[in-house]
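What follows is one chain in structure tokens, specifically the form predicted on its own.
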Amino acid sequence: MGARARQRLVVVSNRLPFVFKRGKGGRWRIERGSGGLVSALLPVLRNRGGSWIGWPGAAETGPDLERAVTAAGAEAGFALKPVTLDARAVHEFYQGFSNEIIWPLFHGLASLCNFEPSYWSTYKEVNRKFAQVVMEDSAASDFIWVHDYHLMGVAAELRGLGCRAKAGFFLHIPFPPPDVFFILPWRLTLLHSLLQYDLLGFQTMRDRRNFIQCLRELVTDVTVQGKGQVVTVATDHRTVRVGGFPISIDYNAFMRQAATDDVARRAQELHRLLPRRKLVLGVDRLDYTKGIPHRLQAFRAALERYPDLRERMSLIQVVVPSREDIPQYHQLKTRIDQLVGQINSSYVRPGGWVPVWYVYDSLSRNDLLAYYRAADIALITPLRDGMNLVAKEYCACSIEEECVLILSEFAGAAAQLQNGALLVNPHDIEGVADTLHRAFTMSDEERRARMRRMRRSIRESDIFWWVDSFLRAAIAKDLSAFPQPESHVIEAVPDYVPI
């Protein structure tokens, strides 16, 4: 452990872990970023020493922004290093290549891609800019941990600059199978860029398998050695470790906050507003990968097929605003609004029963946890998802263990939670409707047994386990001695294939 503690960690992500916005009087307002990744990595950086490199979120530069970034880093206990991007780079790199090409393609929606050649040029340019900042702020003894699809080319740029430090990469979204990945015009260059990392981490074994299959079909002389969570992949020029590391949440933090009096009071208020019925919850960012229209259609089908659900079940659908200025997202919101209106107009009853309780807004953390506590059933049905942490957060907050999780088999979390969740194909509208009825009629004993299994699994492999397992895989001299995950994870993840 002593050697690990002396090795600095350099974290690289598209955004810094703090949000910088202009406040009143033109001063920078600093807010800590949300999410489990920030919570997990901040103490690691404080303990090991190191820095976090990323874009500060503003398409402007200046001494006052640099001072704000430095001050935020001093308060956090480690250095923050900004990568400055102008408006053109933000548009073509982030909105363009990252979110008009990689995001839809890696989620299996190639028809939504915009393969604009200039996006690829800017993507390489920005990855090079990130690499230059990393070079200025790292030494050969450091470990560089790069995150997500925005920065797949950073290691290749680092090697071109003469960097000898070990570098790892974790992909937070799915990795597609060959027949989808091959649609990408720059597929071979991107694969070779990924091979410049020393450790590649994917959310599930299925994603890891897809990556290795793409290598075998595009790169000559690929050999794979080892079994279990991490394997070694060798090509003509590189040897890389490749593993499946299912990301998780700060289980104890969610559980403790869900148990507070304030959250319990808000959950009770929801039940008073929507009395004498089971509450079904969907929580999603506005995005076409989340399957929200499919979910609404399935809920409507459940009411049509099972009259006993009417006036005894309501769906609370929370949609967090996102990218409304993009036409596809605006059209998606319009479709959701129309479906909610159609369902409610068809089934609303005098006396207060409203089938769909629609919330289009960002929620405070306490409000979100109150929805988790109040919901009898969570309906989480993305068309494709790298992991989906909402499913894990819901389980952590279900402290009475009397709730049911209905989960898309195409969410990465399905591999770990399949022994407790009711898995569904979100495209099967009638199948999801039938599963809703099954959840509604499930016995208390089965509910508790299923939820208990999922909560135990999430508790034993939380976000801190995830960070530790990735870093151990990066530094272990012998993978045969690398500690494997708890048995419930290793059994569930490798063999799960949707039916």
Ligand code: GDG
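From 1 onward, residues are counted along the sequence shown. As the structure is a prediction and not an experimental result, all values here were calculated from the model.
In what follows, reference is made to the form predicted in complex with this ligand, a form of this protein that is not presented.
- In the predicted bound form, T334 stays away from this ligand, with no heavy atom inside 4.5 Å.
- Residue contact with this ligand in the predicted bound form: K124 places no heavy atom within 4.5 Å of it.
- Contact check for H172: a non-hydrogen atom falls within 4.5 Å of this ligand in the predicted bound form.
- Shown alone here, G386 lies within 4.5 Å of this ligand in the predicted bound form, counting heavy atoms only.
- With the partner omitted here, the stretch from 305 to 313, 273 to 281, 135 to 143, 355 to 363 that lies within 4.5 Å of this ligand by heavy atoms in the predicted bound form is 355 to 363.
- Three-residue candidate spot W103, V320 and E393; every residue lies within 4.5 angstroms of this ligand in the predicted bound form by at least one non-hydrogen atom.
- The listed set Q203, Q416, S398, T381 contains one residue whose heavy atoms approach this ligand in the predicted bound form to within 4.5 Å, identified as Q203.
- Taking L405, L85, L158, I247 one by one, only a single residue has any non-hydrogen atom within 4.5 Å of this ligand in the predicted bound form, and it is I247.
- Taking a 4.5 Å heavy atom cutoff to this ligand in the predicted bound form, the one contacting residue in 289 to 305 is K290.
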